[in-house]
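In structure tokens, the next block holds one chain alone, the form predicted alone.
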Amino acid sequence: MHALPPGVDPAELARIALTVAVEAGRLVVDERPAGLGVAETKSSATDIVTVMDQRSQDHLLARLGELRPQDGFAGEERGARASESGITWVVDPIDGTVNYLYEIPAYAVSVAAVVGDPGVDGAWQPVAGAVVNPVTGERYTAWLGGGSWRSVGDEEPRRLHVTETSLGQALCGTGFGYDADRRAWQAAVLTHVLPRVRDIRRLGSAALDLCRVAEGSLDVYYERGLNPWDVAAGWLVATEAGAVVSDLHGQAPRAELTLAGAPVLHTSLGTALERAIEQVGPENVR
């Protein structure tokens, strides 16, 4: 457990996270060009960084700099700031970029305040966060010790709680990487997991997947290859709703694996994944 800096109110950080996430969400929807341009490519031609992705992050960097000028900033795109306060904001300006490009309404702005170093596995944890789907109006917020909350538009937030069921009755979310070898490995693991759960969903946004575990519209979720900005806010939303969020060994979630679910389900799926990985063998990613 990483300590909060003295005098920091995580509930206030959550309010700030929600405010700036809603603003960035409006930007990416309202100012989305009809012929969306591509700024650059990432790890492969499939993973596209759009102009709006960078604009959203630039907005978050500027606004958080106004509201919390001593805090650090780390995001998926260009732009970073070192922390002088012990708090760093970890953001994904559009989580679910491919959905955004295809106008599939399952993408989000994710904003989290964390303590520790988000660049080092296991050396940080979120203390407040918000995930906003700007198309559906869904807003998820959480802060350390304050629970997880969901609202749509201006409705009153309702508190979230994970659901517990058997693994065979569990709806399981997952995702796939952009590298072809990684996708092949993930598909091979999935063939061992699929017969052991109710069904699989692949929504295309890790932040929303973790929030859906929190609200019970997914029972469990796992994915390999996630970065801190993919999980920071959703990790806290799920945890404050009663989920266990970890890697395969019970430590903090990391690129090797992120696994989330109610406690018994988390254990059951973890066991199934361990067996699946043993049978498939090690991943071979360039």
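These figures come from a predicted structure and were not determined experimentally. Residue numbers run from 1 along the displayed sequence.
Quick note: we don't show the form predicted in complex with D-MYO-inositol-1-phosphate (IPD), though the next part is all about it.
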The stretch from 220 to 228, 255 to 263, 57 to 65, 234 to 242 that lies within 4.5 Å of D-MYO-inositol-1-phosphate (IPD) in the predicted bound form, judged by heavy atoms, is 220 to 228
In the predicted bound form, does Gly147 have a heavy atom within 4.5 Å of D-MYO-inositol-1-phosphate (IPD)? no
Closest heavy atom of Thr141 to D-MYO-inositol-1-phosphate (IPD) in the predicted bound form, within 4.5 Å or not? no
4.5 angstroms heavy atom contact with D-MYO-inositol-1-phosphate (IPD) in the predicted bound form for Gln125: no
Is Ala214 close enough to D-MYO-inositol-1-phosphate (IPD) in the predicted bound form to count, meaning some heavy atom within 4.5 Å? no
Counting only non-hydrogen atoms and a 4.5 Å threshold, tell me whether Thr97, Gly175 and Arg202 all contact D-MYO-inositol-1-phosphate (IPD) in the predicted bound form. yes
Within 70 to 86, which residues have a heavy atom closer than or equal to 4.5 Å from D-MYO-inositol-1-phosphate (IPD) in the predicted bound form? Glu76
